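Okay, here we've got a single chain as structure tokens, the form predicted on its own, with questions on binding and movement later.
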Amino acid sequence: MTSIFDQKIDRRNTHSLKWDEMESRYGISPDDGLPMWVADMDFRPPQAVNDMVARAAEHGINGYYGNDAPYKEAVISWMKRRHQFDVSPDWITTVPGVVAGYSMAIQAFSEEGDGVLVFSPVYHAFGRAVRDNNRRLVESQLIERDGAYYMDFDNLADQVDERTKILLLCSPHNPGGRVWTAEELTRICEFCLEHNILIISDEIHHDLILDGSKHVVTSTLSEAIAERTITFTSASKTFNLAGFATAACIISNKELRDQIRKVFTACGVHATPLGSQATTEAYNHGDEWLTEACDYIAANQELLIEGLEAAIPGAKVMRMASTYLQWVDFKNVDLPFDEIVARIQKQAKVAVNIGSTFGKGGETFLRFNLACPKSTVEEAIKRLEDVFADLRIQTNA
């Protein structure tokens, strides 16, 4: 049965970072290359979103946005029914994306030279936000066990000091795809409370659950934890709305809200009409679309695991419980890593993210974006089979 996600949509020459900058960054033409790098989907969003955009275009006036009550109501309803997170309207501030939001939070709640703790390897924008704000990146390397990542609590106290001011938490985890348990989250948050470390929780992937796991919103763990937590979320990853540059900063603690809003005001942050309305439409009408998308991505994962591990002896796919970003380890492949990358990107013409950009522990990994038609994954596997055929012959000899 054909799915709406099977449709191949030509994104070339649409000012798409994923497609139109692939050649300048990777030397891979979008005419015959497969873009499996940038974390956006090759899927259209729920029809209600595009219908709203069409109505806005027909109206034709693009002024400043006002009356955000429907937007906040949609956010509140979504968080309640999908995540059992009770949010008040005054807790929500709209920001131009999660990365922009936590970058400004770093400015609001730390000084130059202060430490920001992350669990690495982790989304590459974390390190950039810390370094570009002249803060000190404190990397606690995740432990890989039984094909999944776990936080290293044993060495954590030795890695922080009195100038470690913030934990920048990725939940669910990108690129490992872990959905942290309530026990894990409670343990790290209680550590932060003990050491007076503010928790900034990036939960942008929280809707993309593939295996029935339960995402736990950090702020719901306890009142004490909520008082020291800033939550960032968005419909952008869930419904492929990244281009609308809209995210929610959710804070129950009024003192923290007031402090960060001073920075938002100083930076001229304000909501946009299309971004806020797209989010509203997606949250109000996107449940069925999301269920189908998660099922489709989960099937793509099974396809990639079977096909890639057979095509490249020694490669190991880390099974993801969340996100659509597949983390693949090549440390046991009998080739230099640079050659593996060259074969994938130069010969097979598949553009993927390089693991070292995600920090400590990512040096032998590549990240593949599976939010694409099944035919794209099938073509990628076929190309990998072709360019690693000699390795399979040697392995089987």
Ligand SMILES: Cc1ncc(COP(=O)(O)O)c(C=O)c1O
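Numbers for residues come from their place in the sequence shown, where the first is 1. Nothing here was measured: the structure is a model prediction, and the numbers come from that model.
FYI, the form predicted in complex with this ligand isn't displayed, but the following is about it.
Student: Just to confirm, Cys249 within 4.5 Å of this ligand in the model of the complex by heavy atoms?
Tutor: Heavy-atom contact with this ligand at 4.5 Å: absent for Cys249.
Student: Does His205 reach this ligand in the model of the complex, with heavy atoms at most 4.5 Å apart?
Tutor: Yes, His205 sits close enough to this ligand in the model of the complex that at least one of its heavy atoms falls within 4.5 Å.
Student: Should Lys237 be classed as touching this ligand in the model of the complex when contacts are defined as heavy atoms within 4.5 Å?
Tutor: Looking in the model of the complex, residue contacts with this ligand include Lys237, since a heavy atom lies within 4.5 Å.
Student: Taking any heavy atom pair closer than or equal to 4.5 Å as contact, tell me whether Ile197 reaches this ligand in the model of the complex.
Tutor: Ile197: no, not in contact with this ligand in the model of the complex.
Student: Going by heavy atoms within 4.5 Å, which of 85-93, 109-117, 168-176, 152-160 lines up against this ligand in the model of the complex?
Tutor: This holds for exactly one stretch, 168-176.
Student: Here the chain is shown alone; which of Ala271, Val217, Val99, Ile188 has a heavy atom within 4.5 Å of this ligand in the model of the complex?
Tutor: Comparing distances to this ligand in the model of the complex, the residue within 4.5 Å is Val99.
Student: Which one, Val352, Ile340, Ala39, Ala48, lies within 4.5 Å of this ligand in the model of the complex by heavy atoms?
Tutor: Looking at the other structure, the residue within range turns out to be Ala39.
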